[in-house]
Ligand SMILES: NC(=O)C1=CN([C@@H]2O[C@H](COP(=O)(O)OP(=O)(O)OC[C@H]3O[C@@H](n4cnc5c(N)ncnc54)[C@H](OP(=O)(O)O)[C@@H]3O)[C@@H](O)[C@H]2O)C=CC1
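The data below hold one chain only, encoded as structure tokens and taken in the form predicted alone.
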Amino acid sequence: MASIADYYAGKNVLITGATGFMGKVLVEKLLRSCPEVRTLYLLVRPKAGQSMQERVSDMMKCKLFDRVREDNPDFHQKIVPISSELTQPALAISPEDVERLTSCVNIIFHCAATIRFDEPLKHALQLNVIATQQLLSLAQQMHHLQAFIHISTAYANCNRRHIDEIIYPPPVEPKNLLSAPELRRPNTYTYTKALAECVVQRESSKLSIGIIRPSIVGASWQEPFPGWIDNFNGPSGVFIAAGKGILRTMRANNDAVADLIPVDVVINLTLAAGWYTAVHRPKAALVYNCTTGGINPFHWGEIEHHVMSSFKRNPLEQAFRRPNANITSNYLMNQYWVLVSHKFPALIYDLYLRLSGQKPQMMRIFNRLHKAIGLLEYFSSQDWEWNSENMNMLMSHLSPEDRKTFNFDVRQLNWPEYIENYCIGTKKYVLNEDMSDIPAARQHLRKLRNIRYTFNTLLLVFIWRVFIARSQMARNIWYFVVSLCFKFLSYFRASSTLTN
């Protein structure tokens, strides 16, 4: 049987969402590991005053493509942008482009979606459900199509605790969307992704279809280099906020599994699933739960520890405070720390900015942070169990060489090393900070530590002068507490000496 790279040789591939995080990694991996692929057609819409050609050109200048650039400086000749708009009828693809695509495309990777949890339902339906329907209609016109791979999410069925690799009944019939009484999901993203799976399944008798369900997609593990990330979405923004000392508390269950999945694992599985779907043509759509929790679990409490440790070794520049975040599942405790560690410092800092003639901004930043974290609480406070039989089956069909080139075996993932690279990746690729400036960043943290010690000392003196020094009872209580502390220390030293 032909290898994965051999299968893609000479093939024409259509990719939606190619300018997004996962789409970029998919394009890069195809070009690097399947160098004989013929053409990549990318559906792109003009955005922010940029034409589709300019957007694709900017994407290809990204550091992500450095390895491809070294191997093949002319790789951009394989990329053909197609003007498209997912919110428009027939995806706003011109008749000429429709004719070109239907005459040559062999495989489709549908990555485009809105991933915002608070996206208005109407817009989320248009992007995640209706656009998928329209792309499927286009796919049915393609004369040489061999596989349609749809990127969903492991949380499409988050209303269940155990999730098999099957397509569940939709939360509401797509034709009844306008009269749907309730959302039935924690956000519009998971809701519309569940509906999209149903739409895809209904075309599985006419097309060879595969569905990939990644969990929380994070920075790259190995390819094209460790720690690549280019956005603030998901855990990346939380990590950066913690590293900057802005985030000090988050409501989550320390013992819950944080089902992070590296982006290169998802892409390797996606390409392997494309190969398998095209070669074996399964009778029904195969679903692949692309998760880590049931295979190589890592918990939110462990993530908190390793993220804090990493940012203390490799601090971010101009941190607001020293990194020191704590996770708690207790609502009242979390609200206390939000008040003490978030809102109170923000008010003081904004007062300082006002007095110095600057525009206050810290409270606005904290409000945005609390909103973002609030959207994540549903996923950081509970566990799910995902079946991964299809992923294991697919791995068993790969040759030893393909298992190495398209590695999606998360059992090999070393979590502390991955989190370290992830944090460094946010520093280098999201914030564009230079690693050579780490000594200065460490010096800044030492300065913040000294400021904190000074503030605590002044606060203690203030409390003494205002409350304790003026009351005989308060002084007696104070002396009693101090004497107890000294007695405890004396007992501890004596016990240590006897032990030795």
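The numbering used is simple: start at 1 and walk along the sequence shown. Small disclaimer: the values here were computed from a predicted structure and weren't measured.
A second form of this protein, the form predicted together with the ligand, is not displayed here; the remarks below concern that form.
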Exercise for the section: Just give me the single entry in S215, S220, S208, T270 that has a non-hydrogen atom within 4.5 angstroms of the ligand in the model of the complex. Expected result: S215
Practice task
Scan F408, Y189, F366, Y276 and let me know which has any heavy atom within 4.5 Å of the ligand in the model of the complex.
Solution key: Y189
Practice task
Report yes if any heavy atom of I115 sits within 4.5 Å of a heavy atom of the ligand in the model of the complex; otherwise report no.
Solution key: yes
Handout entry: Partner contact for I149 in the model of the complex: the ligand, 4.5 angstroms, heavy atom
Key = no
Practice task
May I ask you to check whether K193 falls inside a 4.5 Å heavy atom distance of the ligand in the model of the complex?
Solution key: yes
Practice task
Please run the contact check for T153 against the ligand in the model of the complex: heavy atoms, 4.5 angstroms, yes or no?
Solution key: yes
Handout entry: Contact segment among 81-89, 134-142, 99-107, 391-399, judged by heavy atoms lying within 4.5 Å of the ligand in the model of the complex
Key = 81-89
Handout entry: Sequence-ordered residues of 8-29 touching the ligand in the model of the complex, heavy atom within 4.5 Å
Key = G17, A18, T19, G20, F21, M22, G23
